[in-house]
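Only one chain is included here, represented as structure tokens and corresponding to the form predicted alone.
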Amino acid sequence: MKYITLIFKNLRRNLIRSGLTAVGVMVLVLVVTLIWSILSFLDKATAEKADNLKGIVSERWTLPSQMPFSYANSLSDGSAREPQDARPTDAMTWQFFGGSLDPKTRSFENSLFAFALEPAKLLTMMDELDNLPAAQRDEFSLTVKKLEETRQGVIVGKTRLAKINRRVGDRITLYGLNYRNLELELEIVGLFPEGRYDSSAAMNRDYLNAALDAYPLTHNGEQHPLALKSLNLVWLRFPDRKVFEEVGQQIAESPFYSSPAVKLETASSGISTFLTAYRDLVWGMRWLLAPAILVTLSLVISNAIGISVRERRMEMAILKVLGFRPNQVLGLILGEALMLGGVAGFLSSTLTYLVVNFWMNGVRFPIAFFGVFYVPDAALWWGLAIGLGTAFVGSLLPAWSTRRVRVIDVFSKVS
């Protein structure tokens, strides 16, 4: 305890230097924690599951996937044709509709991107919405029920609703961006729970399909260009890998999906495909940005400890005269660095965890269709580990130099 007390007192001797070093550590740990949180979320999203896994059916050769809606029912049943055929436990279709609130001036602020789907599937198939806390689930169930009862309804995320400057209950007209010349009149019936879908929207697929069916009546009998390729994805849930593989074989061998051909892949594999466009960004964050920050952090601590050691050569000599062994002096310097780095790192990651998750409700960093990222529980020890690790690496050389401090050389310069 006396040794630890001595370390603590040494840090207090120059509060400005110790404080600035601690602030530097906290800022850099904050950045690394945010980067690792995003990478951790993406790794988890692309990790394979052994059971209760999801699969994605999409067009085999084209991205973005565009399939005829006539595929929807059979694909949702896993292309099962016989009673003994394997079937998914649940399914959901996705159609993407992007629209603008202003037909003339189109900008990010007046645009809305919506998933057209079966409303009930929001509670059983949508990631994170399928395992909401009981109270939150009951509240959102009422919103989903409104969407089922209001065919022209739409659910919007809180952030997106604020961007378009609308409120729940307002009526809007969406002028199609990907569905050119298609106009949808919608009523905002509710909000998504705060979190992942803050910038998203969901509408009833029946309304979109009815609008496509009615399109020829106002366009000289011509079908909409996307009428036969409005189905983008079909999500399937499987109890285990065996059923997934059996359904995959049924879909691959089915003669009904030839134009266009389709493929079934795990949700993690499908997400990896969507992330291809961000591959260089993710790679740079993982292997360039984060390591560069860790090196910078080590240099910050090394510089601070190095200055301290050079200023305290007389003190080191006196300690040796008093009987301190070289390793004890070295441990004293290492202890100062470890205490400073560890405490500052732990405080930084803890504050980041609390502020991001409970005050900011996540970090807005849109990658693919992930809009919000949260700091995982593991981050609480990341800061401590980063602080201790970089402090040890950065202070090792300055601390080692104290072993070479010779008493006679120091006192001869004084005399």
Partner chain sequence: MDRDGQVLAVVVGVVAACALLVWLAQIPLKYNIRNLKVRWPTTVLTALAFTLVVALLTVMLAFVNGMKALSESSGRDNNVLILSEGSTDESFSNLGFSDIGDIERQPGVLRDGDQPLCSHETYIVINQPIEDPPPGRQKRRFLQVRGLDDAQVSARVHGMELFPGGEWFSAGGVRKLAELDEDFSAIEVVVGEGIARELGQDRRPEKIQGATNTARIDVGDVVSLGNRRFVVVGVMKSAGTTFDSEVWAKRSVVGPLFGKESYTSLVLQTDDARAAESLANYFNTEYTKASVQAYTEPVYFRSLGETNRQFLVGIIFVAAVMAVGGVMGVMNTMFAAISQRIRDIGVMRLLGFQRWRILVSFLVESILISILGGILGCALGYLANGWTANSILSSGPGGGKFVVLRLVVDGGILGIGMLVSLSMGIVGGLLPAWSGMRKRPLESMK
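Numbering follows the first chain given and starts at 1. For clarity, every value in this text was computed on a predicted model and none was experimentally measured. So that the term is clear: the rigid core is the largest set of C-alpha atoms that superpose within 1.5 Å between two forms.
Quick note: we don't show the form predicted in complex with its partner chain, though the next part is all about it.
- Screening 80-88, 295-303, 208-216, 150-158 for residues having heavy atoms within 4.5 Å of its partner chain in the predicted bound form returns a single hit, 295-303.
- Just one of Val372, Ile56, Leu42, Leu30 comes within 4.5 Å of its partner chain in the predicted bound form, counting any heavy atom, and that one is Leu30.
- For the options Glu246, Glu139, Glu187, Glu265, the residue carrying a heavy atom within 4.5 angstroms of its partner chain in the predicted bound form is Glu265.
- Within this chain, Thr402 is remote from the site of its partner chain in the predicted bound form, having no heavy atom within 4.5 Å.
- Of the heavy atoms in Asn327, none are within 4.5 Å of its partner chain in the predicted bound form.
- Put simply, Val355 is far from its partner chain in the predicted bound form: not one heavy atom of it is within 4.5 Å.
- Although the partner is absent from this view, Leu226 contacts its partner chain in the predicted bound form, with a non-hydrogen atom inside 4.5 angstroms.
- Shown here without its partner chain, the chain has only Arg180 in 178-200 lying with a heavy atom within 4.5 Å of that partner in the predicted bound form.
- A displacement of less than 2 angstroms separates the C-alpha positions of Arg171 between the shown form and the other one, with the rigid core held in common.
- Once the rigid core is overlaid between the shown form and the other one, Glu253 does not reach a Cα shift of 2 Å, moving by less than that.
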